[in-house]
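Both blocks below hold the same protein chain, though in two forms, and each is given as structure tokens: structure 1 and structure 2.
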Structure 1
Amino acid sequence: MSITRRKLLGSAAAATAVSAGLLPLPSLAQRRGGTLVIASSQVPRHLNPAVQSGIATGVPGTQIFASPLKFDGDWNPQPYLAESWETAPDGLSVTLNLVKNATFHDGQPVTSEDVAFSIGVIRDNHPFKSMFAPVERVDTPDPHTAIIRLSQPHPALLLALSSALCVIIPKHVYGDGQDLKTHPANSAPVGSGPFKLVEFKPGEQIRLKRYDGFFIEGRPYLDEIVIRIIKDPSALLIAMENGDADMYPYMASSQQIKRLGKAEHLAITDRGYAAIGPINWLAFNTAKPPLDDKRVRQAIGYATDRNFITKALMRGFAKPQRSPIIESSPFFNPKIPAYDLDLDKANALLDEAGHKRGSDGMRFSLTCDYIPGPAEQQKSVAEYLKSQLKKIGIDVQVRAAPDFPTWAKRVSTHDFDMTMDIVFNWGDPVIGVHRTYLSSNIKKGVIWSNTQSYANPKVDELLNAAAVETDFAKRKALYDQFQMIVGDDLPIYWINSLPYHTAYDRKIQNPPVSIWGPMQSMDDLSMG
């Protein structure tokens, strides 16, 4: 990461606490012990971030597994499993010098072989295909030195070596020849992080216990972390208000933010999400008629009112978003087409595409899926689209899913017409943006890849060039072109950035407010 980029992103991501009072400062002698109860509506399929992206897996996974690096709140890389590192002058290798006292939870030492194995697993199995694509191999000259060899410079490599993006998994557990995506250890993981798994009840609870052999002396402070999965939004809020839960991260509902802000024992902050870049969008299955015609997709764009969605449905808490690159990023191109509300233009495009109105006024029907959970960012928008698109002759059937895995299977197997979705930029476009638009990342069965089946050779060319360009100005020019092309093709209609907040008990010291927030080790968090 260049100094220029770090400065730009750091200033763009700066945020302040929105509740009364300042964030608690860490004490000089933090108290050891106690249990942190995290309330969550996210349901993980398993707990291994090496082969699965997302919040549900990332929060527990980064407590169980350690990564080579951490990042602070100002986009600076910090030592973790790697006590130091060095990038070669030509940018074609990065040498990691590992700590010498790290062990997995079964007592086996963490070595450079585990780092090499893990990076290979992530490169070959993770949905972020572009993240480690330039890695040719990882040399292991000794147990505590790992040299990452690249086919080309990788401007986001250090970021990719942190947090949920690069957990180090034990080769002696996962290297047994079984399918890494369905490996039984994914639900009973052995990591080297500050907490070890003691209970995983899918859809109910995850319980983690302090690992006394953790490689940072005196850490973690907590005895336990319990993640309670509470699917009912009202019950979740009551748990926070009554003190039955201590932290509620990834809260994006304006009503929830306002309600918990009234609880005197809780603080609320929007810090901790700088690297996430969360975008709420409407995705089109571009392989299915009539959505294979960009005029139809453009018509839907012109029929949708971002300002109404953000100001009325989301009560002004969310900001409009009109690009695949989060608008707070220095790589955002403000010239991308906005598709401001214009029903006349929408109708004209559908007429031009040959979709005449029938006797009932309708042209054709589409289904619209959404992620189950808090309604404001998903279900409410889908229902708004149903009423809005009827004005231009599109009959929309809003299709509910009973749980996240059901929705994810529909979308990842391309069994959908349109779907609401929430997708992250993950700090750098090469990590979080490329995966959605590269034609090489059309992979059935993998959620948060190119599930839109979108393919444009020029987009592939631009993104592949940006993935190796280390000059900021040249890289921005490539992303500017990319945004103009996808802004015209419109495989996705980008709606808003999510107003993620964390509510937490004021007794908590060192709440997770780095750029990765709750998806980074909480070994320094304590209960005051």
Structure 2
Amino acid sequence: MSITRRKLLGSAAAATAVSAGLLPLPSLAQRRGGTLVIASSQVPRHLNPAVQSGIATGVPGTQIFASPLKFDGDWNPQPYLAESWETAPDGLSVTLNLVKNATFHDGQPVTSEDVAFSIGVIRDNHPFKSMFAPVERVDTPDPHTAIIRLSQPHPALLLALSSALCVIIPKHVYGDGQDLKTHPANSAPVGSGPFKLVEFKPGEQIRLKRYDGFFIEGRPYLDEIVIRIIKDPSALLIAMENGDADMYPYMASSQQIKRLGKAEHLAITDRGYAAIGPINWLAFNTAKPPLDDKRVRQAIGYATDRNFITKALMRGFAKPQRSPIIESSPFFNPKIPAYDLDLDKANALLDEAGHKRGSDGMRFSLTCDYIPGPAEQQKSVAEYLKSQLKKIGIDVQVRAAPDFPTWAKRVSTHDFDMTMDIVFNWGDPVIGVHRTYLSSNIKKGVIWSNTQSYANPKVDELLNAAAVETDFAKRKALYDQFQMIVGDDLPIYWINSLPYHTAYDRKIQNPPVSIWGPMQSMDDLSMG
């Protein structure tokens, strides 16, 4: 396990080439044909993941577009549009050897020009700046070879070349000079993935059809994928229960998981969410007294019972999470302080910080925001905190927001004391973790930046070093150290990983359980 992980994560040193023949064999009796109906509550803005992050665009986007690499369920890179790849010994270039028979849905061949174009587009337009920031240029010595030139070693590169993070878009369609963020073809995409778009009804339904010219022989198995957007959770459950829908990914509500788990024709899995690494946490505004004192933050940590939240509030479906790096990641450091429930210690810390209890038993009061929407991960926890922190003399005012933009505005302009939040790791710490802790990323007005105003020069130094360290062991050591420091500073109290589950009909073979789950090509999925 650790060896294969190392292969991925510290890949730069070892020049690894994987040939297409190493693909795992498909399971027996894969049937051709059929329609897969995916139920989803997430509404995509458009279908081009090159300029849009998120699950809603990622799931249909990865069926329509192919990426250079795929990942399996154990963090191993697998060939996709690139049949093999090679990282230079100095870590400053990666060569992709593309398959020769790949075509876009309009029949044009996929060439290295398209790869170079796509990486440039993503670097310049995608919100995850760190993915391709070190890319200086992409050379295209021939139509099937692309050489990515880097200004510094970039250990997250292979991951960034996979799945929704690096879809290859056709230059002859998107390279017409229009702004990519608002390009008309974002809603009428032309990709080279296993399925092509036949119908996009915004907020209602997306219908994809098998692309007969797909470059992997005999794939995909399915004739059609329909993504049905159902915003009402009970309607969604009904659709799954009576077989109107076959698969429901990204299900996080314990009530839903429990209910669908009882349906005999459905199977439930929590695999497929390793890369996304969704963490539910309580963030502190470290620039604002009394939360600028780390003892106060630690006291809140000791007063909060992570186990109660995951076991009672989330009915045991969610896993506790005590680190900025998702606990299923190879970079997770289990030595990070856990802040197990200890009210005496919490009270002592607050006393020590000089916050004496008033005549009403209260020391001070704080507001706590939460993301409006599904209550279980956010609102319920905020309300639990209100009752729990009362025990150590902190009066918590739970501040509701009528809608997401209102919440985002408060948090991004640092107009908060504490807030519940959900942030994704996105596979590699460079992509999804650094942004929260780097002091250079304190950017007012930008949500999911370092909105905690957390600044620690040592952390900056460690993260910047880890971003260019290609040796897995050395890189892990840097992250271990980083976790110990933020674990002590506690700019954020990490609570749990989101209990994402996929419910799917038992007649489905090869459900999406790679680290990217449903956000990767489902060409090997079949019905019955």
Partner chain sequence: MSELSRSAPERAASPAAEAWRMFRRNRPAMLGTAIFLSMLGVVIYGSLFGGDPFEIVWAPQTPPGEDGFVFGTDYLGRSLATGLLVGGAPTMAVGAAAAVLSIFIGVTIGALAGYYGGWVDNLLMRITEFFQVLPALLFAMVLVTLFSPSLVTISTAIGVVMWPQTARLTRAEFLKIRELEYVTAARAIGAGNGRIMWRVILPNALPPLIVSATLTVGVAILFEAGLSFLGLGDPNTMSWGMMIGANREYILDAWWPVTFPGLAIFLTVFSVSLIGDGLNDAFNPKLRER
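Numbers follow structure 1, counted from its first residue as 1. Heads up, when I say rigid core I mean the largest set of C-alphas that superpose within 1.5 Å between the two forms. Keep in mind the model is a prediction, meaning the values are calculated, not measured.
Two forms of the same chain are shown on their own. Structure 1 is the form predicted on its own. Remark: the rigid domain rotation between structures 1 and 2, smaller part against larger, is 24°, computed from C-alpha superpositions. The two forms, fitted on their core, place the C-alpha of R315 2.8 Å apart, compared between structures 1 and 2. Once the two forms are overlaid on the core, W407 shows a Cα shift of 7.8 Å between structures 1 and 2.
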